[in-house]
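In the block that follows, a single chain appears as structure tokens, in the form predicted alone.
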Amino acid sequence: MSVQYRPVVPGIKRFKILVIKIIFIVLGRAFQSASQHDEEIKKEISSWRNGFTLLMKVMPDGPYMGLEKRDNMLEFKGSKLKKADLEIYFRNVESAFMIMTPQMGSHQAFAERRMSIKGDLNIATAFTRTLVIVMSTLYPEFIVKRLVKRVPPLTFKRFGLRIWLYTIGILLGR
């Protein structure tokens, strides 16, 4: 008696993919707004050439987010970019979900090979510093302490930026 088994096909994690897409939109607009108003982010991206593109992508064919440097600020491109000068890959949906919902910091994700980079490492470290600034502005301190090694101080100006991002920056991207 011969038994035929059908191959097991893993299910699509629709909820986690939706959460990652929403976080990419919020993070992209926060980068666009914060790069216009925060001096440290402007200083970090000043060495990048005009037209430099950055892509964050969930492998194998999950959601992705693109940023482009224009006039000393980052412009959110959504999912329009297919190729970029610097590409940051998340290994799978589970890894991206853990990193995007602040359960794991980027330094731990790199150590556990949940993330990889294709492009210039100097620019990748500068982007990581800008990511820390944006995350410390978006999230409260008790969450940021778990994600980054050194929490940037929340100055009065950065607190104003936090209010700006929550009210106008993320909604309009300005």
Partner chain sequence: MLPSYYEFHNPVKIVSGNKALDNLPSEFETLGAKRPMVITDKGVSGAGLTKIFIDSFASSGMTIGAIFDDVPPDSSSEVVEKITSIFRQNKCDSLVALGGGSVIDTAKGVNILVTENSDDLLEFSGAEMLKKPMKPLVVIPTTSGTGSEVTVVAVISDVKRNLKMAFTSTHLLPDIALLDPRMTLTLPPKMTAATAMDAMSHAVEAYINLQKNPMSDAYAVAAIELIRKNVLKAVSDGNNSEVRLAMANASTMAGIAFSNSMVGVVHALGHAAGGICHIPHGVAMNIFLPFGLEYNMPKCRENIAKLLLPIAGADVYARTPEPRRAEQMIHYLIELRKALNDLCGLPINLKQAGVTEDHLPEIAQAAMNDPSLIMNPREMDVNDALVILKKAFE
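Positions refer to the first chain, counted from 1. Just so you know, these numbers come straight off a predicted model, no measurement behind them.
The same protein also has a form predicted together with its partner chain, omitted here; what follows describes it.
Judged by heavy atoms within 4.5 Å of its partner chain in the model of the complex, the contact stretch among the candidates 144-152, 28-36, 64-72, 50-58 is 144-152. Looking at K42, you'd find every heavy atom of it more than 4.5 angstroms from its partner chain in the model of the complex. T125 belongs to the set of residues with a heavy atom inside 4.5 Å of its partner chain in the model of the complex. A residue is said to contact a partner when one of its heavy atoms sits within 4.5 Å of a partner heavy atom; Y139 fails this definition for its partner chain in the model of the complex, lying far away. Applying a 4.5 Å heavy atom cutoff to its partner chain in the model of the complex picks out R91 as the lone residue from 63-96.
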